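Quick setup: one chain, the form predicted on its own, written in structure tokens, and binding and motion questions come after.
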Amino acid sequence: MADRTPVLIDCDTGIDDAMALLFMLAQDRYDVVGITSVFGNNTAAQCAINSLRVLELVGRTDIPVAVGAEQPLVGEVTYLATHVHGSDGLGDAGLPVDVTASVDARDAVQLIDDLSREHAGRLRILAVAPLTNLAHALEAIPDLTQRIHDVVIMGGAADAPGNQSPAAEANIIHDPEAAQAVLSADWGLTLVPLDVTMREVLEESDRTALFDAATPVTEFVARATDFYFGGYGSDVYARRASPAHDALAAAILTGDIVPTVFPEIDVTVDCTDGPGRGSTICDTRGRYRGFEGTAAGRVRVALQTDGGFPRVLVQTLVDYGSRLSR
């Protein structure tokens, strides 16, 4: 449909990225027009393959998938999160490892350039990974910010603790310099940090509902989240549970979730080599007056949601799986 909003997804496809992909593919009002991969949960090359695996699951290999950056702007990759996402990057959930589709011949920056020209002024970017691809694109494409409607980022921590250091969230600490470049660029910005993603928690009852729906989509997510629950979730919550970081960012992009505290504030990334490296310094000093009457910042930051996202995600995946299985 011509009136569907085009979205490019920049990701390092692991378990929660896969949930975000499926959530966006399920939307009637949004059209995923491209996917770019970057290092993070795995190598950029493997993350592109993982994206294709998800697309093949739902018969959407018409969407171009381009490989992006394998290294941060400064220094070397410090780690890849295979311990969180399984040896195959998708929770070892049984999704076929071999794909019939191929990655796009273009690299990530070229795909961003092409799609931002084709959908100038309308293209939205969902960035749920280290921001290296977008930083490279900003450098290579002088008028990129004028072509993009907005960028919704899963990353950072405003007043919450980090998850890869006491101060820093994983996507940001992987490439702080890239994050600073993207967050200081002159385009519409939304940040979905750990403050909200760590509080919207999938539980065993959600996995049961996905299994009970008995579709390839829901069974894949249920099996993949089993890995997430058993490792990451048990360590963080002391029970079998997990966040759905990237999928929550997708739902905020679509408007299915509207944060209840959502101010426009200034955000700066710590790019020093000290213990705060990768932290997102968010100016939340206005919270004591409800963020009313303060000078507008440049980044809209989700600081609180109502806790209802897991039910929204499960129902969306159940409905989408059912449609595909008819």
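In case it trips you up, residue 1 is the first one in the sequence shown, and so on. Note that this is a predicted model, so its numbers are computed, not measured.
Keep in mind the form predicted together with beta-D-ribofuranose (BDR) is missing from the figure; the text below concerns it.
Exactly one of the stretches 243-251, 96-104, 178-186, 112-120 approaches beta-D-ribofuranose (BDR) in the predicted complex with heavy atoms within 4.5 Å, and it is 243-251. Contact between Leu126 and beta-D-ribofuranose (BDR) in the predicted complex is not found at the 4.5 Å heavy atom cutoff. Shown alone here, Asn163 lies within 4.5 Å of beta-D-ribofuranose (BDR) in the predicted complex, counting heavy atoms only. beta-D-ribofuranose (BDR) in the predicted complex is approached by Met154, whose closest heavy atom lies within 4.5 angstroms of it.
Looking at Leu194, you'd find a heavy atom of it within 4.5 angstroms of beta-D-ribofuranose (BDR) in the predicted complex.
Ala170 is the sole member of Ala158, Ala135, Ala170, Val217 with a non-hydrogen atom lying within 4.5 angstroms of beta-D-ribofuranose (BDR) in the predicted complex.
Along 8-27, these residues reach a heavy atom to within 4.5 Å of beta-D-ribofuranose (BDR) in the predicted complex: Asp12, Asp16, Asp17.
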